[in-house]
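Listed next as structure tokens is one chain, alone, in the form predicted alone.
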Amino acid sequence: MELSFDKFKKEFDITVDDICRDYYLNNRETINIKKEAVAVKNLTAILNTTLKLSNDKGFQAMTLRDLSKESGLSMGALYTYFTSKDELFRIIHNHGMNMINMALVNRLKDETDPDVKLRKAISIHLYLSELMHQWFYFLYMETRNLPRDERKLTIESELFTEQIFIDILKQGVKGGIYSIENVILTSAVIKALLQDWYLKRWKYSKRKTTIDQYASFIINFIESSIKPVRRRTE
């Protein structure tokens, strides 16, 4: 069955609660909360509120007092889960990127056909950005304001996603399916087209473009550029 956003949405079972539970279980030594349910509930409130405030006013402009007021948690309660805004940023960045990348990798690992794999990679990346729009927007917009040394994590994450497309395209070139002059630049262009969806949603919403329409267009656009002429007409 062809992948669609509705189908993917039903199968995608990772929630913010899951991310917070994973973080809590891996940091129980430093989080002095014994009840898992309480910790997960508060962490979820912290992350959701941070994403909302960041999208509204920017993470740099957000203060911990803003976060305390909007989340309903005291300043003392906030410091139970992190020690500074920098640490809070790393929690959101590291766990968000890990979840996004693993969700993409896990859904592609059994595919061997480059054509199918490329279409799935494009569609899944778009669907993930739709389901987790606040995360994607945060990760793109806020990391630009990080000190130069700390941007390394973001660069590595960006290259990790591009490498997925590089590997698929190289496999297709090796198998004679694709004819590409520069695989690395082609992968970078694919990533930029995917980013346009979650960075400029207003544009596509105004034009009444659905995510499935956009996914289909991107797939056809890329395939028309990378497949030899003889294969385009087959």
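For every residue, the number given is its place in the sequence shown, counted from 1. Source: prediction; values computed, not measured.
Keep in mind that the form predicted together with the DNA is not shown, yet the notes after this line are about it.
At least one heavy atom of residue 75 is located within 4.5 Å of the DNA in the model of the complex. The DNA is not shown here, but in the model of the complex it comes within 4.5 Å of a heavy atom of residue 35.
In the model of the complex, the DNA lies within 4.5 Å of some heavy atom of residue 62.
When the DNA is considered in the model of the complex, residue 98 lies well away from it, no heavy atom lying within 4.5 Å.
With the partner left out here, the DNA still marks one of 198-206, 169-177, 47-55, 62-70 in the model of the complex; by a 4.5 Å heavy atom cut-off that stretch is 62-70. Along 79-105, a non-hydrogen atom within 4.5 Å of the DNA in the model of the complex is carried by 79, 80, 81, 83, 84, 85, in order along the sequence.
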